[in-house]
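Here you get one chain, nothing else, as structure tokens; it is the form predicted alone.
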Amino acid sequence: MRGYGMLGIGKTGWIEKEIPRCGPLDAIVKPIAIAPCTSDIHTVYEGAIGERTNLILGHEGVGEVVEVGNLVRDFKKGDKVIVSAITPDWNSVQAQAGYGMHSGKVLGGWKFSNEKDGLFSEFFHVNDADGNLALLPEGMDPATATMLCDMVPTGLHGSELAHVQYGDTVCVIGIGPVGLMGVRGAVLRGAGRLFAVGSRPNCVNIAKEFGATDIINYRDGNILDQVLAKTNGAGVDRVIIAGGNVDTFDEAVRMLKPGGAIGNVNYLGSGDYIKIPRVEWGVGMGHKMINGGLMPGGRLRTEKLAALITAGRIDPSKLITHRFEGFDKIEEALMLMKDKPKDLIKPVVTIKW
């Protein structure tokens, strides 16, 4: 089979590989809609998770089942399915403890384009199919459904990690596709005033549509100073970090009220340490909680998030700014994520075999 992948740090290209084998609990799927991610760029061009050689990229996709193992109960050949970016081993002790995303080891549920080949191929393997596939709801656009693989669950997890409550003042740092879903997630959880930090006009407009009350443009000055000025020095109850770098935590801690929480879902692709201001963190005793988490994966989570779309609670189709048709367009779509033109939020490639 043919796939597009990481040849080594800083290098990508087309690869020929054997079609993966299907285990008794597993499935083999062919993609019908796939979406490149900034995480792919961190992996290749920053070497964020170390050297990978001839590894097929991609972890966001909707596909058609072509084979299932003899112990798979709920899926069959021909089913159209949403495949979560995180595919835990559901019989692991970590999953039983409620942390399937870390099954076997930290980040162990992140398999695609990390521990094994990803979705940018003619066929891909899904472990524990009954636990990690979800049927594509009837009538749902497969391109829109790709947002349920990573962007929607990751953004909404940011609001969960920050423990957003009714009436909270919230700041979302970074309003790319994940941050935009963080905005929507915070609103669904009851946020009151909501600051969205970003500068690109299309992202700003969608952030407002999703419920942001204030826009903080980092090009207009220090975001901490702007947030404090708008809150009369009080700061915010919750911070969702969906962009920036290891230095972003400094500003987040400084703007956070005692008793507040930070929810980080940003992939920190470089840097050795995170900076936390000692005094503003209450010299270690300020009750300012910092949570960072990989999104939950699995069938139940995907089905519940799909219900938010079908019920009209969220509309992730607004994140898709570039649409391509054809398997050979994967490279072009991925390079968009690398070059990040101003009008980009998220590209999707649809495939007809």
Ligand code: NDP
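Model, not experiment: these values are computed from the prediction. For every residue, the number given is its place in the sequence shown, counted from 1.
There is another form of this protein, the form predicted together with the ligand, and it is not shown here; the text below is about that form.
Just one of V236, A207, A242, A191 comes within 4.5 Å of the ligand in the predicted complex, counting any heavy atom, and that one is A242. The contact with the ligand in the predicted complex, taken as any heavy atom within 4.5 Å, belongs to L294 out of V65, I290, L294, L55. Residues V29, I82 and G118 are none of them found to lie within 4.5 Å of the ligand in the predicted complex, as judged by heavy atom distances. Looking at A162, you'd find every heavy atom of it more than 4.5 angstroms from the ligand in the predicted complex. Using a 4.5 angstroms threshold between heavy atoms, R200 counts as touching the ligand in the predicted complex. The shortest heavy atom separation between M337 and the ligand in the predicted complex is within 4.5 Å. Although the partner is absent here, T144 lies well away from the ligand in the predicted complex, with no heavy atom inside 4.5 Å. With the partner omitted here, the stretch from 120-128, 133-141, 148-156, 224-232 that lies within 4.5 Å of the ligand by heavy atoms in the predicted complex is 148-156. Along 205-232, these residues reach a heavy atom to within 4.5 Å of the ligand in the predicted complex: Y218, R219, I223.
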